[in-house]
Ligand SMILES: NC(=O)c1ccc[n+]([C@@H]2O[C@H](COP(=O)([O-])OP(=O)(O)OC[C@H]3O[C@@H](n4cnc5c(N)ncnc54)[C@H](OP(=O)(O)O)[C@@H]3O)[C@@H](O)[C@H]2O)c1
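Just the one chain here, laid out as structure tokens, in the form predicted alone.
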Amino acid sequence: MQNSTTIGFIGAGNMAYALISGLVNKGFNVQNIKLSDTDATLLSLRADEFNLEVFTDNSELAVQCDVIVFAVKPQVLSIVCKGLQGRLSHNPLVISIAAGVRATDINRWLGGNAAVIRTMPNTPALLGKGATGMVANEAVSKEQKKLAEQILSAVSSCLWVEDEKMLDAVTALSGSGPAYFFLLIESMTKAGTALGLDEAVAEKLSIQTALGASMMANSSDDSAHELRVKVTSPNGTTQAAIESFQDQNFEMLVSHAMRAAFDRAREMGVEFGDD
């Protein structure tokens, strides 16, 4: 990505903050990053944090940018897009991080013929450890796909899917996924406390165990299944716990939960795609 590329963020919330921080930390020139939001207080905070140019008018930002990142809530994206109709004659790349909202609807709201990449990042991007699923419409060039990867990879690992419907599966897996792990940590902490541990000790052990296991899975050539088998000694404590999970159909519980998230993502696409 050339440092002369101008990137505009519409929406100054946490994910915009994460992406801007990641880009700046990677050496991108902050003078080529612009930001707009209706919240003047938040804009002032971001301007102080990054020393970047801010706008309260999205159109003023859009006409100056090679890339526009929609970092707004799904329910307001249609209003934001329609407000930019007729202001994108320079054909910027449009990247959306709004959950559920389909690229076809974004393109339609913008007036058609827009190069749109829909993405699904997750909250660990705030630490530079995110995971992002991405899909591009037919108007996106190879160079623009590479540019989008460079922007999102500042805070996350990036993976492309060919079918936009699969981005709903990404939402169910990695988009909502951090909350699943938080729930497991919360549950393990409560269980450890019930077994007699101090709550603070149980929580620390739960968090560190989750971190260590994730790092092992990330650095190993073994699959998660193979790693689990290796740490499960026959007739040992781990086997007793795993068998208890499986007796209560743990895998099916996870499957049902992710299906619920997947179905809701589909519903949001219809709900927020209506004019």
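Residue numbers here begin at 1 and follow the sequence given. Because the structure is predicted, anything quoted here is derived from the model rather than measured.
In what follows, reference is made to the form predicted in complex with the named molecule, a form of this protein that is not presented.
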Worksheet item: Should residue 232 be counted as a contact of the named molecule in the model of the complex, where contact means heavy atoms within 4.5 Å?
Response: no
Item to complete: Report yes if any heavy atom of residue 123 sits within 4.5 Å of a heavy atom of the named molecule in the model of the complex; otherwise report no.
Response: yes
Worksheet item: Using heavy atoms and a 4.5 Å limit, would one call residue 38 a contact residue for the named molecule in the model of the complex?
Response: yes
Practice prompt. Indicate whether residue 12 is a 4.5 Å heavy atom neighbour of the named molecule in the model of the complex.
Written response: yes
Fill in: Options 196-204, 71-79, 103-111, 153-161; stretch whose heavy atom lies within 4.5 Å of the named molecule in the model of the complex
71-79
Worksheet item: With the named molecule left out of view, which of 115, 135, 170, 99 would have a heavy atom within 4.5 Å of it in the model of the complex?
Response: 99
Response to the item:
Picking from 216, 63, 42, 52, the single residue whose non-hydrogen atoms come within 4.5 angstroms of the named molecule in the model of the complex is 42
